[in-house]
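Encoded as structure tokens, the following chain is the form predicted on its own, with no partner shown.
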């Protein structure tokens, strides 16, 4: 039986480490306030001019090095992001060009925080059907563009103007969301091989009901023009979120889909050796862990160090878990996530 195996992993972050205390320079917040609500201690932001495809390139090179492969051996790219370099085209072709891959196909997918799981499913189908031999799957985000402040030098501790009282109040208006996000990219290299090891199965779902609980109101073609000066003045280009609704969805649907993928593949949740959940909020992941009755040694979290990097969180966590010896050959690993749309899903891997 052909199964898709993960041959290599790698990740990169934005250039600037920003601890919680630093965010207090541009908005009304504190380390204690952020930790209590999210578990996050720090995140990384890019320097101006660094794009999502740039981060994807860095992660791709590391994953290829880890796999012991050359870029020229990749014959298909799958790129998951909700923060592309441009409205169009997507980042897949931009990464293809930066890697010097000629005319290999590049697919862009938009499932936000569940993008990596959907990307795994698509890549698995491409490989096991023979449509591709080596797939490079990337999840990358530059959330800095969503941030409402303009005082980046001051935030990074460089010489530059501090926000006025009015500007700080504006920045603080969005703090429930902006403290959560960071910039990073993760990548995996995939090939199919015969044997019992590899991706075992998937369960994915979508439900557009109530999408307004987590979305960007403007910058889309449901309105004309797709962005206006009023949108920017009112902050409608920044994601809006009903935090309580999203939390409730995540802590119910994520455990449910883990049970579904386990049942479909003839294993029990207790058989899992490691659960790697999308890193949106540590409180969500703790609730999912309790619902699944998994001990601490079977769960991997790193949101404390990177914040929510959307499509990049799972490949980053996988890379760190592998390097820490938490993923060993033959072990059963489950990936799970829920994101805007809403989309949610889980994937099962025999490492």
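Residue numbers count along the first chain shown, from 1. All figures in this text were calculated on a predicted structure; none of them were measured in a lab.
Below: the form predicted in complex with acetyl coenzyme *A, not depicted.
- Distance criterion of 4.5 Å from any heavy atom to acetyl coenzyme *A in the predicted complex singles out 281 from the list 123, 81, 96, 281.
- With the partner omitted from this view, the residue of 175, 110, 237, 205 that lies near acetyl coenzyme *A in the predicted complex is 175 [heavy atom within 4.5 Å].
- Looking at acetyl coenzyme *A in the predicted complex, residues 6, 134 and 313 place no heavy atom within 4.5 Å of it.
- This chain is displayed without acetyl coenzyme *A, yet in the predicted complex the stretch 179-187 from 73-81, 159-167, 179-187, 229-237 comes within 4.5 Å of it by heavy atoms.
- Acetyl coenzyme *A is not drawn, but in the predicted complex it has no heavy atom within 4.5 Å of residue 322.
- Residue contact with acetyl coenzyme *A in the predicted complex: residue 247 places a heavy atom within 4.5 Å of it.
- Of the heavy atoms in residue 339, some are within 4.5 Å of acetyl coenzyme *A in the predicted complex.
- In the predicted complex, at least one heavy atom of residue 37 sits within 4.5 Å of a heavy atom of acetyl coenzyme *A.
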